[in-house]
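One chain follows as structure tokens, the form predicted alone.
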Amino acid sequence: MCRHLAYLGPLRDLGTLLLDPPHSLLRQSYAPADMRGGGTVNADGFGAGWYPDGATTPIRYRRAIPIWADATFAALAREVRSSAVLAAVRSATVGMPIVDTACAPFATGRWLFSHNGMVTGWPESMVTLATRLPVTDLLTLDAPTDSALLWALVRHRLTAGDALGRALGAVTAQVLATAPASRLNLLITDGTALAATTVHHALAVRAGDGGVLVCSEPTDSSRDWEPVPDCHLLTATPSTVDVVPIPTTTAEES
């Protein structure tokens, strides 16, 4: 399983967010606390996306190497400051490619997206849902992976007008209807708000001081962290956090 993180709030440098905390995303890449049967380390790549001050379109940095092996990113992270960040470290599912484009965050326009987990029965379990997408969406997937297809499904709803939380909740419910044992921790931001799902994996949220931080595992020992219950949808802004059960659907409705 992968690990991911999203932050909204006052300007902070990427090093402070991703590298410095006692159980930072960097540490989670080589010493995760809760992999739930999905490998032992997250060494198959990483990525970070951030919004320059005042910008609505994010910048991304993605590499198919361990985050700890990239000295360029370690130096860059100290110089980049942002009020909205989404980052991830990757543990590739067996048989899926280890390439830069398979690493989160995936992006289109103002959106950044990440998936922590796996779709069971891939790719056969996703055929019905995939055939409902425009052919151009399938031909332009970042990589032939379950995460890239999940992003295409979410993006399709976003471009049709769904809000972040509605898009994540609907896609999560559809996938569970066809592949019930999937692990579907999805995470998305548009730079002003974020949404996340928890399905068969952990997620924690910490809010306060004008910001919100969501991460697969708490990055420090603060008592302000709150676990997000399984099969729930979180939506947040720097000043608000809302958690509700993920809506359900049936295979026929999906």
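The shown structure was predicted, so the numbers you read here are calculated from the model rather than taken from an experiment. Note that residue numbering follows the sequence shown and begins at 1.
Beyond what is shown, the protein has a form predicted together with glutamine (GLN); the following relates to that form.
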Distance check, residue 117 to glutamine (GLN) in the predicted complex, heavy atom within 4.5 Å: yes
Contact of residue 176 with glutamine (GLN) in the predicted complex (heavy atom, 4.5 Å): no
Any non-hydrogen atom of residue 142 within 4.5 angstroms of glutamine (GLN) in the predicted complex: no
Residue 172 within 4.5 Å of glutamine (GLN) in the predicted complex, heavy atoms: no
Partner-proximal stretch of 129 to 137, 164 to 172, 76 to 84, 89 to 97 relative to glutamine (GLN) in the predicted complex, 4.5 angstroms, heavy atom: 89 to 97
Site test, 2, 102 and 146 vs glutamine (GLN) in the predicted complex, non-hydrogen atom cutoff 4.5 Å: yes
